[in-house]
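We begin with a single chain expressed as structure tokens, specifically the form predicted on its own.
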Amino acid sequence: MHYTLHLTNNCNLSCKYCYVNKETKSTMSLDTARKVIDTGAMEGGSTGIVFFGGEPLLCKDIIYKVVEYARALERTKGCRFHFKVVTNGMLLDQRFIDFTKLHHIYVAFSHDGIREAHDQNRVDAAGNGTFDCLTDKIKLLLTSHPYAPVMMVVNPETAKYYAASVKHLYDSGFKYIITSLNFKAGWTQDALDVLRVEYKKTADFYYKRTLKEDKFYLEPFETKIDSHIKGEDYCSQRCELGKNQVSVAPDGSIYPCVQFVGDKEYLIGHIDTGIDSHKQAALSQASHGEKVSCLGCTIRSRCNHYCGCLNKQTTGSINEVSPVLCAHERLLLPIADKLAHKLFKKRSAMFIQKHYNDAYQIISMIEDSIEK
């Protein structure tokens, strides 16, 4: 099981991306966080723990103590934990970076690209953009975690900066770039048309970098290419809401995903009493079902219409698909398919290894370690 711990719904930025209720300020207690670790230890095997927010680095002391507590349990209980933290980077410092390296904590960095895009939605309490503040933080992170991913959110007003932002993040040293739309925003056909143009520019960037055998990972292109290559194997990896991963609110309440935290309709348990297996199973089954609006669609096996979390975020229902999501998938897939066709036709070694060799990631890591 994977647990996302909402350590706090406070944030040190005045941005629009927090899924939790900003009106209710709360922080998870150390006791509650340790109970999550205890639960993972009792389950045995390997347990994933994600530190989330708001901004989780407002609770560094809790992270330090929770990780050390978990490592102590590993030595006595035979369990195993792996950790991830998702941060806007403002509070990164050398001590925290050293701690994450010592304990093998995976750090994901939130950044929206070039200044014009990033500073539109990620500002400090005074309303000032944070682009300049993060330049040194990026260097600090990538020096110790060269494979740290960056997560870029795209809004209608920043769509025109998409290609330039991807290139900026790549040039900054990020090799794992994960971009996603803010589907809750007011997307129009004009904004989607702009995004189509930007995706085509980015596909050209992907093509040139791949032919040069540069190692990088860029979403959503990777997933869409895999959705064709893997076929039914890709389809089997559908959202099973609350089955393999859950989110724990600051008060210990358990929800199926980050988008549901605070919505009592989707409350499936509490860390003190455990997960209600009947609610959990019913929710997973409901989310897994085929969506009526998608019946007969030729690309339904390759799109994200099955994601109950995304559906809830955009339409308020786990079974109602956003028209914006549908439009986005239809504009993205042809671009990704054309890109893949060109690279395959060129017999690009990097492309073929990345998408057709299941051992690629392991081989790549070995090669990189030898180079160092």
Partner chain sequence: MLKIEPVRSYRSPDYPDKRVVLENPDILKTLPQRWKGKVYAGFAFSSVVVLLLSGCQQQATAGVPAPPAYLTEEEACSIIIEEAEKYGVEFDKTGLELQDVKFYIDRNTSEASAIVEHTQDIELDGYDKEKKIGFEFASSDDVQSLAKNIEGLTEDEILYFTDADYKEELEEALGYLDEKIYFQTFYSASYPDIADTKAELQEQVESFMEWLKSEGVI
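Numbering follows the first chain given and starts at 1. The model shown is predicted, which means the values in this text are computed figures rather than measured ones.
Although not depicted, the form predicted in complex with the partner chain is the subject of the following passage.
- Partner contacts here mean any heavy atom within 4.5 Å of the partner chain in the predicted complex, and among 34-42, 60-68, 47-55, 332-340 they occur only in 332-340.
- Here the marked residues 204, 208 and 353 all reach the partner chain in the predicted complex, each with a heavy atom within 4.5 angstroms.
- Among the residues 145, 270, 215, 184, the one placing a heavy atom within 4.5 Å of the partner chain in the predicted complex is 215.
- Taking a 4.5 Å heavy atom cutoff to the partner chain in the predicted complex, the contact residue among 258, 275, 297, 105 is 297.
- Contact between residue 30 and the partner chain in the predicted complex is not found at the 4.5 Å heavy atom cutoff.
- In the predicted complex, the partner chain sits beyond 4.5 Å of every heavy atom of residue 318.
- Contact annotation for residue 192: at least one heavy atom lies within 4.5 Å of the partner chain in the predicted complex.
- Among residues of the shown chain, residue 118 is not one whose heavy atoms approach the partner chain to within 4.5 Å in the predicted complex.
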